[in-house]
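Have a look below at one chain only, the form predicted alone, in structure tokens format.
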Amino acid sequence: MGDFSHLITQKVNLALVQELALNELIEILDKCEGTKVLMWDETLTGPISLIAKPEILKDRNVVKMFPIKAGDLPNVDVRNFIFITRPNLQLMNAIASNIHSDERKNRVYRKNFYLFFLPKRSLLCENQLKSKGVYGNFQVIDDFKCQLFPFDSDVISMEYPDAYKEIYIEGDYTCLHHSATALCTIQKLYGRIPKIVGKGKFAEKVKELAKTMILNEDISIERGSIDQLIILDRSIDIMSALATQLTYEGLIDEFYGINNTIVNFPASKFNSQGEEASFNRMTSTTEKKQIILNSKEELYVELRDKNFNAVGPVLSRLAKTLTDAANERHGEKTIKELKEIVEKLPKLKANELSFANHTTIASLIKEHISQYDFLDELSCEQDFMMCVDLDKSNEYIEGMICKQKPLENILRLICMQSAAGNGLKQKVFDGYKKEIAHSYGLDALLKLGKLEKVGMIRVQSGARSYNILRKTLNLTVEDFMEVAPKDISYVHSFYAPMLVRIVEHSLKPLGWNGLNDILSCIPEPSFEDYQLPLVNGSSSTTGRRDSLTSEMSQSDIPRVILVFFAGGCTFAEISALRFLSQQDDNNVEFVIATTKIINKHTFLSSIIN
């Protein structure tokens, strides 16, 4: 498996997802004989690195790779150019300009062009190519059927960045179809999932599409290795998407951005030792140190899901262990003892490098979270989470506007205030609009308008549903513990992500049925469906349900639950689910799938920019 060995697990082996995607890529490359140049949609370079190493591409005679940009093609003495892109009209225009440029320069020796859409061809894009007069220039136009990219042994993502915007602003439901296709792919690899439950209008749409597809697919009727699928709609929990994550992994993502497991830090902050280590993938610059964060690194596995306040003690403990190991090497040793020390050296060196890196990263994060601006914003959003005098923060937000703080930071807090109060008072809303227009110009009002359109900012109406849910689901915990947590709320210090709290309640003996009263507070449909007729051919629905529930509750083998977030999920939510799986009482393992891994910045930016 090489670089992808960390994906291998016994129950739901996500290495199969990587292998499937890699085989699709190899099939595409083999359709073009001879040397070739790959032209990438820039948003795909990171995800593709999760399924293929550079050596694989070289073995398939790929000599160069470039991002798709308008204008001239790269000056490479190769005849075959393969374009791999998501359906995107702007990129179609760029590709058309590439081909027209080649036609003007090379009237005799023309290049061969191939075009592959990930995950599926788009009629709109093909019509755009026809209107530009280049559709007939392609040797092949086909699909690159890759819906999922494996991030770790328990996380897969479609890396579909604009899903939320497409649904709620553009009214384009293509991503729901792709989500359903991804769930079918999972069932092709791991077998039928007996039970499907979920919450949200678009979550239900994904379920219906997936069920229809499964009926038309050649999928084994045997029960697979996944016991249950939970589909959750991001729109029913905007608060958690906008909240500041306080886990180690979440804070790294918020300050530096974890892009397809890769993160770039300022190189000047790191020691030069270990530059030869396998932290580099793709290209890196002298200004940045590129580090891969996944479960191949033992220390990162221990640190990533912890609240940041619990990171220091772990690093202190490891420092002592490394010091003791170094002292062990001194003094007189027998041949046998020296041999044992030599055998331990590679792991000891890796641990020292890992410790040095994470000590530096923790120091960088500490600098950020000690800033007054960060602490003030965090205090404001925590007041919203607690529903503490929502109007109290008006003055703080207005002050941010007057000081022309980053607009996205201001809009995020206004969205959270709206979510907590079931909207804003008309007077407050109008005041924000006026001051934003004055400080940031009319373009800022267009961004505000997009947030209105998706319902993230609105005028107050009805009871405060969030406050009711906060109390019913115990979303804010008073006796919270950050270092030795007993509840999922530790990921935001005292606030539990609502979607994960719903999953937690569904693990109780009554299961999804026990959530009826709670879910009724959320004005979106809930659903519970069974695919057991396709598994055992039984004719009694009640019998099937009782049989499944009994079988799952009596087994000592942990249940495997696939949780699919339609619209994105955060690293804090992933950490919360991992925390639930570590509790012996739950007897459960989670596989987490999402349209995109998001944080408060990327989620908001995808909507307003």
Partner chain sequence: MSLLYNIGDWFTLGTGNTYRKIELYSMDFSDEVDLNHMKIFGSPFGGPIAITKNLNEPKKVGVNTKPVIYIFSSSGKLISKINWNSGVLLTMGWSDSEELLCIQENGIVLIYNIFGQYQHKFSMGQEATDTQIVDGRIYPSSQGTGIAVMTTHFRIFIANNYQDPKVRFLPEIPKSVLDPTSWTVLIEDRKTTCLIARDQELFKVKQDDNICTAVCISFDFEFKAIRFMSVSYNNRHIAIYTNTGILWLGTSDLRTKYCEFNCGRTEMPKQIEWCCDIEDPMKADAVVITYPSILLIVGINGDSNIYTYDPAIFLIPESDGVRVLTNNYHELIQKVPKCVTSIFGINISEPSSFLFESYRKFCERSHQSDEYLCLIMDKIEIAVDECIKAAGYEFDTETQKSLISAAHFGKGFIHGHNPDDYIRMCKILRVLNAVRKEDIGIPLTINQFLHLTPAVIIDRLVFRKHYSLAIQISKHLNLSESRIMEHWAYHKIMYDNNDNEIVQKISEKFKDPLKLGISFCTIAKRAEEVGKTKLAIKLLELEPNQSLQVPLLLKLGENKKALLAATQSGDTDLIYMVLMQLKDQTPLSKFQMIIREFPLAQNLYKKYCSLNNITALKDIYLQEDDFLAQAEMSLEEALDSHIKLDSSLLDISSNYKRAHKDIEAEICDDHRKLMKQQKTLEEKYARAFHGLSLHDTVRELLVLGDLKMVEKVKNDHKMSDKHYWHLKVEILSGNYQWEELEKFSKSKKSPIGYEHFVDACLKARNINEAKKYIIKCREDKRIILYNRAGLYEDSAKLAFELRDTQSLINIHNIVSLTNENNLISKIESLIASVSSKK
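The shown structure was predicted, so the numbers you read here are calculated from the model rather than taken from an experiment. Numbering follows the first chain given and starts at 1.
From this point on, the text means the form predicted in complex with the partner chain, which you will not see here.
Heavy atoms within 4.5 Å of the partner chain in the predicted complex map, among the stretches 68 to 76, 503 to 511, 368 to 376, 300 to 308, onto 368 to 376 alone. Just one of Glu408, Glu352, Asp529, Glu166 comes within 4.5 Å of the partner chain in the predicted complex, counting any heavy atom, and that one is Glu166. Shown without its partner, this chain lists Ile518, Leu89, Val483, Leu315 as candidates; in the predicted complex, only Leu89 has a non-hydrogen atom within 4.5 angstroms of the partner chain. When contacts are judged by a 4.5 Å heavy atom cut-off, Asn216 counts as touching the partner chain in the predicted complex.
The partner chain is not shown here, and in the predicted complex it never comes within 4.5 Å of any heavy atom of Gly455. Shown alone here, Gly441 lies within 4.5 Å of the partner chain in the predicted complex, counting heavy atoms only. Taking the partner from the other structure, the partner chain in the predicted complex has a heavy atom within 4.5 Å of a heavy atom of Gly449. Shown without its partner, the chain has Glu33 as the single residue in segment 32 to 49 with a non-hydrogen atom within 4.5 angstroms of the partner chain in the predicted complex.
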